[in-house]
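A single chain, nothing else alongside it, follows as structure tokens in the form predicted alone.
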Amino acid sequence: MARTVWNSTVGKKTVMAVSGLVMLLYLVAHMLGNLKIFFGTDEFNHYAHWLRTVGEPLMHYEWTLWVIRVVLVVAVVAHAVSAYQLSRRDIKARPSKYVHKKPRAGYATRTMRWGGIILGLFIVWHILDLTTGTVHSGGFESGKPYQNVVDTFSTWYGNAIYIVAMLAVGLHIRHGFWSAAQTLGVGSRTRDRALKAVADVLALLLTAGFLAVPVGVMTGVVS
């Protein structure tokens, strides 16, 4: 039964929609946590430490954080695999070029594929930069996330990578949220305008919220 659902186009679109919403919830929480950097070193470092102690004493140190990481990895892989397979299926369904040109799709729609690739590469870089410190500029110090974030956004390339990725996030959410609503049966002719407005607002708020941190470092508000 599960395999039959997975092999269907509707099943793959549903997996994409659900996994996308899981990642969206994480992005909202992550953005709100990031904004704590504007409250100072102690507040931000305390928040980072709290993430590792959530659920204690029932959960051991970092267990809850690892549960979240595993769920996110599953969501990212499911989303990426579904997107790739749907793309291949779409290509096979139309092996020859259209005689008439198709109407131009919106910018976000036309960039979903390469936007997803950009985000995938960014996730790898982001982990190596601020989680493991492998590619971190300067001296990465475990337990001092505030200073590590400031170090990253004190470099031109750290800002460039992050800004491009966050713009891709905004475009991805703008189109993805509305598409997910259609797939899950929430959309309708009367709700489409409201759903598109919600998608626009979500994309704008998340993009602005994430970009506030590098802008804060660049302007000296965060130092």
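It should be emphasised that the depicted structure is a prediction, and the values quoted were computed from it without experimental measurement. So that there is no doubt, residue numbering starts at 1 and follows the sequence shown.
Missing here is the form predicted in complex with a small molecule; even so, the following discussion is about that form.
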> Are 26, 48 and 169 jointly within 4.5 Å of the small molecule in the predicted bound form, each by at least one heavy atom?
Replying inline: yes
> Does the 4.5 Å heavy atom contact test between residue 149 and the small molecule in the predicted bound form come out positive?
Replying inline: yes
> Does residue 145 reach the small molecule in the predicted bound form if we count a contact as any heavy atom within 4.5 Å?
Replying inline: yes
> Taking the shortest heavy atom distance, is residue 137 within 4.5 Å of the small molecule in the predicted bound form?
Replying inline: no
>> Would you classify residue 85 as touching the small molecule in the predicted bound form, given a 4.5 Å non-hydrogen atom cut-off?
In response: no
> Of 155, 182, 41, 34, which residue is found within 4.5 angstroms of the small molecule in the predicted bound form when only non-hydrogen atoms are counted?
Replying inline: 34
>> Can you work out which of 112, 71, 130, 78 has a heavy atom no more than 4.5 Å from the small molecule in the predicted bound form?
In response: 130
